[in-house]
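This document starts with one chain, in the form predicted alone, laid out as structure tokens.
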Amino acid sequence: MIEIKHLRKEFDDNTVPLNDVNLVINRGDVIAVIGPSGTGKSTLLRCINMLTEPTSGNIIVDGEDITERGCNLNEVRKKMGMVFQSFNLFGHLTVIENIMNPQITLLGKSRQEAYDRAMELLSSVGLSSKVFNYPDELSGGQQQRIAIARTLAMDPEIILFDEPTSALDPSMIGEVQSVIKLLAKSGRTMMIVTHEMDFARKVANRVLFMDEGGIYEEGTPKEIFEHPKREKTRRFIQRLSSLSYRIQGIDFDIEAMNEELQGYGEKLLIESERLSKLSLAIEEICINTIADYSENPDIIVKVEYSEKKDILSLIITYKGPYFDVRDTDSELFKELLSEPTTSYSEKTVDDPDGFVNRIDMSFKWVEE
């Protein structure tokens, strides 16, 4: 369907986000594109539909090289829809007008045809009640679903999503992801730049990890997220699934840690209740007990999340004498330890750096 050969993009400031990118997109593929910021993910999408002109290389769509002079880009772009992170709806038009107008002006449909198709799509994204609303009367999640409906109205063969949930509040991410998952099941060819790893794992049949100016590693979701072969991919995936802290006194910045935990939870869709319990455990064990009663505290804290098992884990290792952290005055912490969804264990380990005491806690989630 689309073949990319030796694609290179160099900007005027001499940055080169894309250097010798080669890729084949097959009909029906759902490709998730992941990687650190600034590695060319969005640039790749914009080059594919020529919103950004490549410096060199070829992009062949259904046998036609769209980088060649004389190519009718308007015709090629009818085959591709793009959903941006910033919605790009027309604020002076109602929802129905936003979806109808491109069909009339670009596809030559009658107003009745455009209206019927728009209503059908609004129903499919759960927003048929918002027909005559204006974009600024809708939530971010609703606006993005309208943007997806507008793209679908053009009947594209491939849809490019550029961070479709990055501008949304955490509470709105799920509603947009649900629409995209339905599209994936329908057999649509899609390419999605995303920082939502759990979403990428569930929706895609191929995952591209981008770094060093191109596709650093490619594979199935299982291969990339569970068995990455290359070092940068391993480090990236590990950073996404775990956090580490070193605590060496009671003045540790617990507020900054909690902010990072919140962002971690939003990316992995972990409930705030579990994160609060984990934060309470860290503060009570590490700050109020070990650090408060140690002359020279040295504590390593590691937070991990297993998507497969849906378990949030806390691993604490520390130097010095053993502390029975269950002997606490905190009623909240005692209550936390007694909950059936919380598990707790401790042991000594043979660590050459002296972190000989280890505490393991895990927090499951049970819906009320």
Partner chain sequence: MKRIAVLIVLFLSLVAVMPLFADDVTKQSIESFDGKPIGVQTAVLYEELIADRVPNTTFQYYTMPNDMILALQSKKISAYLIEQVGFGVQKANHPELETLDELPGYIDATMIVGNNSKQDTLLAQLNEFIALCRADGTADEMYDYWINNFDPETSTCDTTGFSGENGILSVAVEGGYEPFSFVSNGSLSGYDIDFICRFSRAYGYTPVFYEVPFESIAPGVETGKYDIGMNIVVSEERNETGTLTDVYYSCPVVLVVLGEQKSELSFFQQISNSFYKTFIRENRWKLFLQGAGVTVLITLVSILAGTGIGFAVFMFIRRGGKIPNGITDFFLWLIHGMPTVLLLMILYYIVFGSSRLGGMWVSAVGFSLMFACSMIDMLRVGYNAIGRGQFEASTALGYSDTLRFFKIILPQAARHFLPIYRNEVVTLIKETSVVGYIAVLDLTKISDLVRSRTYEAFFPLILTAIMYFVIETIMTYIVKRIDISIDPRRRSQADILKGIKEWE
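Residue numbers count along the first chain shown, from 1. Since the model is a prediction, treat every value here as computed from it, not as a measurement.
A second form of this protein, the form predicted in complex with its partner chain, is not displayed here; the remarks below concern that form.
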Quiz item: Looking in the predicted bound form, any heavy atom of K319 within 4.5 Å of its partner chain?
Solution: no
Quiz item: So in the predicted bound form, does K277 come within 4.5 Å of its partner chain, heavy atom to heavy atom?
Solution: no
Self-check item: Contact of F199 with its partner chain in the predicted bound form (heavy atom, 4.5 Å)
Solution: no
Exercise. Indicate whether its partner chain has at least one heavy atom within 4.5 Å of a heavy atom of E163 in the predicted bound form.
Key: no
Quiz item: Which among 286-294, 176-184, 110-118, 260-268 is in contact with its partner chain in the predicted bound form, heavy atoms within 4.5 angstroms?
Solution: 110-118
Quiz item: Within 4.5 Å of its partner chain in the predicted bound form, do we find a heavy atom from each of L312, R326 and E335?
Solution: no
Quiz item: So which of K222, K229, H92, R246 gets a non-hydrogen atom within 4.5 Å of its partner chain in the predicted bound form?
Solution: H92
Quiz item: Looking at C71, A167, L106, I250, which is the one with a non-hydrogen atom within 4.5 Å of its partner chain in the predicted bound form?
Solution: L106
Quiz item: in the predicted bound form, which residues of 127-158 put a heavy atom within 4.5 Å of its partner chain?
Solution: F132, Y134, D136, E137, R150, M154
